[in-house]
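What follows is one chain in structure tokens, specifically the form predicted alone.
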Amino acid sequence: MIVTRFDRRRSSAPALMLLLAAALGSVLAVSLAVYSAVWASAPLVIAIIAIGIAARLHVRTDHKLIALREVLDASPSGILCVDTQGVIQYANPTACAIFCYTVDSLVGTSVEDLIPFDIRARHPQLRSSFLKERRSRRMGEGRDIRGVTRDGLEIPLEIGLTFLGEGDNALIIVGVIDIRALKEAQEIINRQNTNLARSVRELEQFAFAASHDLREPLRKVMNYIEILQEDYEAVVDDDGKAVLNSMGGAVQRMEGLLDSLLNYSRITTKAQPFEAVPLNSILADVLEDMSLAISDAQAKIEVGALPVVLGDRNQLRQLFQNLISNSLKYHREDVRSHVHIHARNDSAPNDDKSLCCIAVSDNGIGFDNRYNELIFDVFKRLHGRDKYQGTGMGLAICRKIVERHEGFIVANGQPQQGAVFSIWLKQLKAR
């Protein structure tokens, strides 16, 4: 029988220490399996210490008992020893703190005092069934477990059960972990995730509505500009014509921004199911669609052997079209554009072995690598609109497509030495 004070008589010390060492090892093994993410390796270390003490029981010295008591008292898991009648025979300080008892007030009381009122009456039957079953397990698998403090407060717990001994001398060893902080953190995360999901939906709805609803007034403005340019050409002087041209350019830029915003929102609202996508087939379609732009730029596009990936065909097509267009746009003067698209063996940022790397590199103007994250922001531009046309949404769309595919995109560049965009997508292995 385990008691709150260790008996210092040499005749009973080894047996008591063996019982406590085995109990500690068993309960901490259960606790580690139940809650290893919180306590990391600490319970395992304590269990190893206890087992090491038990292995040296042939040295019958009181300081071994003291050391074992210190191990039990220092355990980050609550430990209770309950007899077959449900009486608590031992409680370490952590268990006492969880239930708001002192050691003297907890030891000797019924374990039913720690059980919620709605199941307290049938708990003796559950305890009897466990003693007959004699299987170490996590208590309440698949449902929440709650305990009751001395003040009557119900608290969430993780509980592991094991047993020692036979017959009337059997003991139930209970490992107890207070998960109130974990539950509160989970609730906060769940609320934040819910709010974030709602915000994303609202943003997508706004982008979709704005891109449609704003078009009508823009069309009217453009119509009025055209009327003034055509019907009042003889009346409007050169300064007025310049103003009208500037207004028309502004309207066209706004329409371009709305188109980009609509495309950005459609990455999730108009997404298609994933399928096996041969990237070489995708690139062939992209190069066919861009043949005129490539010819006008006198660019050389080189495509290597690319893998088959899991993804949305239309979005992957848009991804590579945006990257190639980006390379053609930011070319160096008097230097023929050369874009190289090939597979590489680079590991993914998260070391996921299922992701393959595809690099899109060019010999264009590049960029300062300090901005390798900034260039993916919505409407972000590193150059003036007067020199390079665009809305600043191309790379933002690329990143959103890659993130929807649970992959990664990383940019690296050097001024006047080109840029490399590395993309990691989920590869389909040949069977």
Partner chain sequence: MLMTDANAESVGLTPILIVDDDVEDVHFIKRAFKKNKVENPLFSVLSGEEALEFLQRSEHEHASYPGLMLLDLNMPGVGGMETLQRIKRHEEWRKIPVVVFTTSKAQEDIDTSYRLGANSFISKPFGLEGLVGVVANICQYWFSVSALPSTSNE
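Everything quoted here is computed from the prediction, not taken from an experiment. Positions refer to the first chain, counted from 1.
From this point on, the text means the form predicted together with the partner chain, which you will not see here.
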* K183, K329, R215, H123: which sits within 4.5 Å of the partner chain in the predicted complex by any heavy atom? -> R215
* Structure fact -> With the partner omitted here, the residue among E275, E202, E226, E133 that in the predicted complex has a heavy atom within 4.5 Å of the partner chain is E226
* To do: With heavy atoms only and a cut-off of 4.5 Å, decide whether R150 touches the partner chain in the predicted complex.
  => no
* Asked: D346: heavy atom within 4.5 Å of the partner chain in the predicted complex?
  -> no
* Is D285 close enough to the partner chain in the predicted complex to count, meaning some heavy atom within 4.5 Å? -> no
* Contact label in the predicted complex: V236 to the partner chain, heavy atom within 4.5 Å -> no
* **Which of 96-104, 246-254, 298-306, 152-160 lines the interface with the partner chain in the predicted complex (heavy atom within 4.5 Å)** => 246-254
* Asked: Looking at the partner chain in the predicted complex, is some heavy atom of each of K220, E230 and D259 within 4.5 Å of it?
  -> yes
